[in-house]
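Just the one chain here, laid out as structure tokens, in the form predicted alone.
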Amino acid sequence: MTIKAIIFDVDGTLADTEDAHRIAFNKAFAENHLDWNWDVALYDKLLKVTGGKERIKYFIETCLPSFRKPADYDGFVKDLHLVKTGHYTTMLREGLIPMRPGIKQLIAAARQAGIVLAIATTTSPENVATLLRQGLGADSENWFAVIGCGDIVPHKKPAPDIYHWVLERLRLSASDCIALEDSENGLHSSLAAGIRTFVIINNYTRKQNFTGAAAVFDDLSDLERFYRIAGLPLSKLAISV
């Protein structure tokens, strides 16, 4: 089977972003005079909900039953999330969120080999653009044939909508692609779209259930092993990037 495209998740997959998101949420809460604090244990539970705005709503509805919702509740959540995004992108621009091991090398090797690159994520377009520019270079958005992110589909992961959207625009079948994910929700999303999926775990997701994954890795520091298991003909390319 010839792999024509690699579809990447972003948060936790391209870079170790999740704790930075948590810190940015807390800064947004403080800036809006809310006495909310998401510690690591709570955020681990909240990550079961995909999407930042959805995560805020879930927190309010499950942890703050007495919270008086503003008349424009959706607007309140949207504005709060915008403040959070500002703090998060500042952290990215300051170089505080590194790319994960092996990611730059994999992307460089895939480009050399003519394999199409794409992104399927629930994070915002601003977050994706800033992370790519900071982590891969000023023109790196152009390396990806399709970038699917944010609220462009009706249902976020674990629904397969974002992967269907990306596949449609790539004009490729699921069997032509592989996906890289870091979470159970992401895995469910890509598998539901019929895509063979490899998981790169992080501290927040390592205890999740990855049944159905083609393989699970701590990271991609051993790219040769990943290439071999994934069936990618990339072993001689871009290892030193």
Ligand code: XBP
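Start at 1 and count along the sequence shown; that's the residue number. These figures come from a predicted structure and were not determined experimentally.
Quick note: we don't show the form predicted together with this ligand, though the next part is all about it.
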Next item on the list: Just one of 190 to 198, 42 to 50, 170 to 178, 64 to 72 has residues with a heavy atom within 4.5 Å of this ligand in the predicted complex, so point it out.
Entry: 42 to 50
Notebook entry, point to check: From the list 164, 87, 81, 104, which entry has a heavy atom within 4.5 Å of this ligand in the predicted complex?
Noted result: 81
Checklist line | Residue among 230, 23, 10, 223 with a heavy atom within 4.5 Å of this ligand in the predicted complex | finding: 10
Note to self: I'd like to know if residue 55 sits close to this ligand in the predicted complex, meaning any non-hydrogen atom pair within 4.5 angstroms.
What the structure shows: yes
Note to self: in the predicted complex, is there a heavy atom of this ligand that lies within 4.5 Å of any heavy atom of residue 124, even though the partner is absent here?
What the structure shows: yes
Item checked: this ligand contact in the predicted complex: residue 18, any heavy atom under 4.5 Å -> yes
Item checked: Members of 155 to 184 lying within 4.5 angstroms of this ligand, judged by heavy atom, in the predicted complex -> 157, 182
